[in-house]
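Here's a solo chain for you in structure tokens, the form predicted alone.
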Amino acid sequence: MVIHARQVAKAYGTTKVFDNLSFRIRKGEFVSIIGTSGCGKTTLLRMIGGLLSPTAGKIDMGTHTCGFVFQQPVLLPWKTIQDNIQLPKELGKSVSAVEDMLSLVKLDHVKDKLPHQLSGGMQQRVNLARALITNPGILLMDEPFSSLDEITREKMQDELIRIWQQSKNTVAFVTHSISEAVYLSDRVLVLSSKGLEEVDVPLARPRTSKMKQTKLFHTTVDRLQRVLGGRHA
């Protein structure tokens, strides 16, 4: 087990975000976290990564390190793509060869360009490569495709699946999109004011975009919609 949360709670003063959450994420598993706005998805993700402390309970990750991919790439505009990716090295962290990361995210041909010369999807690939270059055991992704147009978003989903299959990281992925969660994940954690519910995704791997047209895909999407709405099959 890579991530083990035990009766975790978070509150700010008298305002309770969530309470008594317990779940496990296995090594190499891709798990999405969904829920309505304000339910605490990003808060939970940051607690997993150690950026926030729980009010009660515990999240155990052993000795695994985390890499973060946020909504916006936040690239340094004066640095080349190659230099942005290997920025963690400048901060004293142990990193993989930047050439390997450029190859993994298929950006070899733009390594000497500046961020403003790249599309939004390519900038997010830089963001992903920068997170992966430190060889994290856990990759935490907070709605990384939310600012992209629908066509680019779907392409990035396929790119993420390809990269994840090669890197073998354990992934916790926050999204507002139910269909995105189903397409990417092994399991989905549904967060609400009532607590946490886990839903398995029965789609086989490797995933292909054609699966989005299958009955099994739509059945799983419908099930998650019912769970979010407080109704169960």
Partner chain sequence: MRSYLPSALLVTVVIGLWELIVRVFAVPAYLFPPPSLVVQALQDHAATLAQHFGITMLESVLGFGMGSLLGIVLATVFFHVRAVKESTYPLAIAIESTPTVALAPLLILWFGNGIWAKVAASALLCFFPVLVGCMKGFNAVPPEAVDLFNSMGGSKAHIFTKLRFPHSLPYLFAALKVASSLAVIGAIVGEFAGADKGLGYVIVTSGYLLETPTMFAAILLTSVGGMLFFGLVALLDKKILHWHCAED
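Keep in mind that this is a model prediction, so the values were computed, not measured. Residue numbers count along the first chain shown, from 1.
We do not show the form predicted together with the partner chain, though everything after this point is about it.
Novice: Indicate whether the candidate residues L91, L114 and R130 are all in contact with the partner chain in the predicted complex, with contact defined as any heavy atom within 4.5 Å.
Specialist: All of them do, each having a heavy atom within 4.5 Å of the partner.
Novice: Please run the contact check for L51 against the partner chain in the predicted complex: heavy atoms, 4.5 angstroms, yes or no?
Specialist: L51 belongs to the contact set for the partner chain.
Novice: With a cut-off of 4.5 Å between heavy atoms, is L76 one of the residues that contacts the partner chain in the predicted complex?
Specialist: Heavy-atom contact with the partner chain at 4.5 Å: present for L76.
Novice: Under a 4.5 Å heavy atom criterion, is F70 part of the interface with the partner chain in the predicted complex?
Specialist: Residue-level check for F70: yes, a contact with the partner chain.
Novice: Can any non-hydrogen atom of R46 be found within 4.5 angstroms of the partner chain in the predicted complex?
Specialist: So R46 counts as contacting the partner chain.
Novice: Would you mind picking the one in V98, V110, L87, L148 that has a heavy atom within 4.5 Å of the partner chain in the predicted complex?
Specialist: Filtering the options by heavy-atom distance leaves L87.
Novice: Please identify, from 62 to 70, 27 to 35, 165 to 173, 194 to 202, the stretch that has a heavy atom within 4.5 Å of the partner chain in the predicted complex.
Specialist: Stretch 62 to 70 is the one.
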